[in-house]
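We've got the same protein chain twice here, in two forms, each standing alone as structure tokens: structure 1 and structure 2.
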Structure 1
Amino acid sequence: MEQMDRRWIYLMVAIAVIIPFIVPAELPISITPEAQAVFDSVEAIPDGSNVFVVFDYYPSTIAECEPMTTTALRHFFRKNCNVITLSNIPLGGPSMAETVTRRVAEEYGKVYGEDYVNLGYKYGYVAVMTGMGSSIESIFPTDNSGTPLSELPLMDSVKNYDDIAFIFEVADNATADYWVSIVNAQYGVPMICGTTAVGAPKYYAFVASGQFLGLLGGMKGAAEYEQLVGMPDEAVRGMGAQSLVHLLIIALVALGNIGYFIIRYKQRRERI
């Protein structure tokens, strides 16, 4: 082990990552109460409701966050909910919302402007969140493509938070805090949150207080949600690769320790 070139370890890790994507590893994924609460909360929404799906994550966390938004959109479209997407992140947020939503909408035959709308991005998330409480159109006079909201049939019945039944917030930063403190606290709109694995511990308190009805943490949370919705996809495959790499690391650590104790034993024998 001491003489091993570290590039062999890199090669083993690469193989461990690639194999599950070629031959999917059907590893068991336990469902946490927080992920179950996410599924149950969405299921409880009346079919045909108006909902927000918020893309508040940067491209650097796509691997963890995009499976959440993809599964959420499938869940909402399956219930024939009207989906309105937006982002408080200028770098990639509006374009990711556009790409992901249109791709999933095509799976369900949904029509833009009637079944879903992408509001895009507007600077100043505190003012944006507060302003939409009075009028969404006053903050977003046009959609992400520049089409006036007055020309989109869906937005005829959506004026402010009173017309929104649910918010699905996916964030890798502190914007989730503001959705809670402004939109949930002041306007009472029920919401759930998906976030990165490192950011999830902070939001368990929000779940305990009832401000978030459920929580998805990292790729594991996304994989749980995919399982619950019955549509295993990228997160489930990613968990196979992640689990295999973890097993490899554990094996290498064990071998390294065994080698250390063998060398130490031989050195002791030589001294004796």
Structure 2
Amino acid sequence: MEQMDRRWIYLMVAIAVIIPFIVPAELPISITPEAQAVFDSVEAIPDGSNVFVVFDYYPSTIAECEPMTTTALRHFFRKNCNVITLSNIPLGGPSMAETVTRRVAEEYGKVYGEDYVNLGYKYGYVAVMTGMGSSIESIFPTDNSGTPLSELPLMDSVKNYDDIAFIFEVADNATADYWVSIVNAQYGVPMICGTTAVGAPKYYAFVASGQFLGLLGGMKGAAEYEQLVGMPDEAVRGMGAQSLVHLLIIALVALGNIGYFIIRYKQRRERI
């Protein structure tokens, strides 16, 4: 059993992940208090406020992160909030912010420059986050496509963090730590974080301390948020496959351990 070719395991995983897409099943999705808090805190923002939606993730984790940004944008646009997007990721961040935001904005008939703006990317997240405290324009003289901020009507009323009501950070890396330690701690802008599952356990500490008002952890977190906003989409559809593969992996762990204990038991018997 120890010698089983790993490719058989790969094949089992592939089957477990494909089946639910061919035979979809509707699964009830329970809501954790952390996800509920995300929804509630966004709901509590006055309609029409200016908010940041931050695309701090690489294209490698779109499966987990894009459902979060998409749903957040829908949630904000539904509340007629003005959305400002930016990214601290030099690989794909600004492009994804552009594509995703445009797509969702079209659903809601929002106008670029008036209802939403994509600031794009600048190097050095600590400097970017610190610098925007005094002046967003000094760090981002233009938006992502090179239009000066002064030509964008929305940015007339947005000068620095004082004009930002909320930060919706979606991250697959440690940039969320700096949004907490720099922007939230020094400028008091309320924020929540949507993160890949890998980062979620750490961020429970920031939720407990109230530095994050809520937390979305991985695809399940995204599914919960989609459910709460009332627009089930990719993440909700993914839950079936997620369930099957988890059960498969648990079965594999159990199988591996049973084999291990049998071998150990035999060895012990032989010794006696």
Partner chain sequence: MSGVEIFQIWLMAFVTLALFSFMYKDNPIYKVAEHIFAGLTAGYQVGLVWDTVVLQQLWNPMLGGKWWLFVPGILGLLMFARFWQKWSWVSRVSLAFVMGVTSGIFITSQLHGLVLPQMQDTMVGISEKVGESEDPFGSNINGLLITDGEASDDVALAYDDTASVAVIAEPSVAETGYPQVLAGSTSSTGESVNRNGDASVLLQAEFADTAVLGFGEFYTIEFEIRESGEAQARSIAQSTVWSSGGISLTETGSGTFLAEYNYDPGDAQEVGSYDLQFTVERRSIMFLLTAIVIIGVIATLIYFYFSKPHTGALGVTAKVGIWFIMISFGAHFGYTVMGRVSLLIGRVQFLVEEWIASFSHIF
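Reference numbering: structure 1, starting with residue 1. The term rigid core refers to the most C-alpha atoms you can superpose between the two forms while keeping them within 1.5 Å. Source: prediction; values computed, not measured.
Q: When you get a sec, tell me if the form predicted alone is 1 or 2.
A: Answer to the question: structure 1 is the form predicted alone, whereas structure 2 comes from elsewhere.
Q: With the core fitted, just quote the Cα shift at V13 between the two structures, in angstrom to one decimal.
A: Residue shift at the C-alpha: 4.4 Å.
Q: Using the rigid core as the frame, report the C-alpha movement of L255 between the two structures, one decimal, in Å.
A: Here L255 registers a C-alpha shift of 9.0 Å.
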